[in-house]
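One chain is shown next in structure tokens, namely the form predicted alone.
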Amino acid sequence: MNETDRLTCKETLRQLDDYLDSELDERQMAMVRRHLKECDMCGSESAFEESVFTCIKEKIQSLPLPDGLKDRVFGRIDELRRENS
């Protein structure tokens, strides 16, 4: 990577949620990863947000779902996919 492939702190933090969810393309993932390794402040923020996401995911997985909710959600997703095809 060259200097033009470096992200600022502002750019990195703006992409952090997508990075943590692995929703960036390969190049963007690498750029954010590089910045997080080189910048203590952004690396700390990333570690904090990742720990919050992990805690939330664990809590959500332990909650019982109301009857039929899963079927309704996946049904709606299927409808949206058909509409956008």
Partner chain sequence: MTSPGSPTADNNFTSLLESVLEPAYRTAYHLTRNEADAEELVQEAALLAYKGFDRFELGTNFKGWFITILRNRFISGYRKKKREVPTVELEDAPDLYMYNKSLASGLATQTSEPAKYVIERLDAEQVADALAELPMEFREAATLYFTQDMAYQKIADVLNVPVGTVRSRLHRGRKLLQKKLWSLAEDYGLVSEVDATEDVP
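Residue numbers count along the first chain shown, from 1. Throughout, rigid core stands for the largest set of C-alpha atoms superposing within 1.5 Å between the two forms. Everything numeric in this text was worked out from a predicted model, so none of it was measured.
Same protein, other form: the form predicted together with the partner chain, not shown, and the subject of what follows.
- Proximity of A30 to the partner chain in the predicted bound form falls outside the 4.5 Å heavy atom cutoff.
- Of the heavy atoms in R6, none are within 4.5 Å of the partner chain in the predicted bound form.
- In the predicted bound form, the partner chain sits beyond 4.5 Å of every heavy atom of E11.
- Although the partner is absent here, K59 sits close enough that one of its heavy atoms falls within 4.5 Å of the partner chain in the predicted bound form.
- Residues L69, K70, R72, V73, F74, R76, I77, L80, R81 are the members of 69 to 85 with a non-hydrogen atom no more than 4.5 angstroms from the partner chain in the predicted bound form.
- A displacement of 2 angstroms or greater separates the C-alpha positions of R72 between the shown form and the other one, with the rigid core held in common.
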